[in-house]
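Quick heads-up: it's one chain on its own, the form predicted on its own, in structure tokens.
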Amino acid sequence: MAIRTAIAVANPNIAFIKYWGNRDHALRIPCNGSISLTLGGLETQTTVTFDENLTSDHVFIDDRSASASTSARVSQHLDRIRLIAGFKYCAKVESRSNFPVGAGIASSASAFAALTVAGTSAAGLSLQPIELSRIARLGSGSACRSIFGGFVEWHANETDEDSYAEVLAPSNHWDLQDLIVIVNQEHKGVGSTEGHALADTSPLQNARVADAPRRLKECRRAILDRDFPSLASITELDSNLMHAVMLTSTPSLMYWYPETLQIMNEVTRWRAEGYEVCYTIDAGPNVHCICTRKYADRIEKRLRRLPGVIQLLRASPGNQARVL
């Protein structure tokens, strides 16, 4: 085999309808489907090099050796690729992201999407996007959506073979902007994988999951019709529902900071004033402010004036994960 190398890049995504809780934790089959927007401009670039001379996998993130737990998770994902490829060669993995990782900006989504695309390419595999999506899901659930660009829907379904994502609308369908307000850059104390395992302890989770088909239908229609008021309404509702489940889990998960709440309140007020903007928050304190391009510059200026804002990132609809 000698040495095989591939470099891939993938973008994180922001979910309008959230994935929280699994039907099957080992296979990361979610309790409900989800819909997201792939975020262009933010990216993870990953190089995978299979080398027959290596005796173990070596994982580097932003030029530093990964922690033991992260390295084990990456190796486990590479094992899935090695099994398909039919070899056992170890690999060197080098990954870099141009945005804060572990802070609720779907860094694991872009990381495992890039790892999947680079790994399968380096292994000499030629797989269809849906198959890449299914494999990426096993590493990080939301990574299955980052395989694709634009507006993406993940079909939950019930088996490993049929739980995957696909494009709902291309990136040029609707020029929404995501203004990501960073109020804390530190790695969150409880990661999403651990949080998903707690979802069923909340008395609200069953109601959230039962209502998901309605929310998915409304979000799907809003995107296809470019109906921002409807998108704003269902997106904020879904985000609040997920965090309500987190708050009522055992133990309780509180990701919000005082600054998080202030941004949520300001965004709600600005929309009442006529601005096309809404908020959504993943498992972390940082706030995604979704708006139409028409209002993006004005909203960005207002956000930058708020106290506690460390950094503001801006993303447009992004493209699919790809080999460089």
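Note that residue numbering begins at 1 and tracks the sequence as displayed. Note that the structure is a prediction, hence the values are computed from the model and not measured.
One more form of this protein should be noted, the form predicted in complex with another copy of the chain, which is absent from this view; the next part is about it.
- Under a 4.5 angstroms non-hydrogen atom cutoff, another copy of the chain in the model of the complex lacks residue 67 among its neighbouring residues.
- For residue 41, no non-hydrogen atom is located within 4.5 Å of another copy of the chain in the model of the complex, even though that partner is not displayed.
- Within this chain, residue 241 lines the site of another copy of the chain in the model of the complex, having a heavy atom no more than 4.5 Å away.
- Another copy of the chain is not shown here, but in the model of the complex it comes within 4.5 Å of a heavy atom of residue 237.
- With the partner left out here, another copy of the chain still marks one of 165 to 173, 203 to 211, 190 to 198, 146 to 154 in the model of the complex; by a 4.5 Å heavy atom cut-off that stretch is 203 to 211.
- A heavy atom within 4.5 Å of another copy of the chain in the model of the complex is found for exactly one of 248, 230, 76, 98: 248.
- Shown without its partner, the chain has 254, 256, 257, 258, 261, 262, 264, 265 in segment 254 to 289 as residues with a non-hydrogen atom within 4.5 angstroms of another copy of the chain in the model of the complex.
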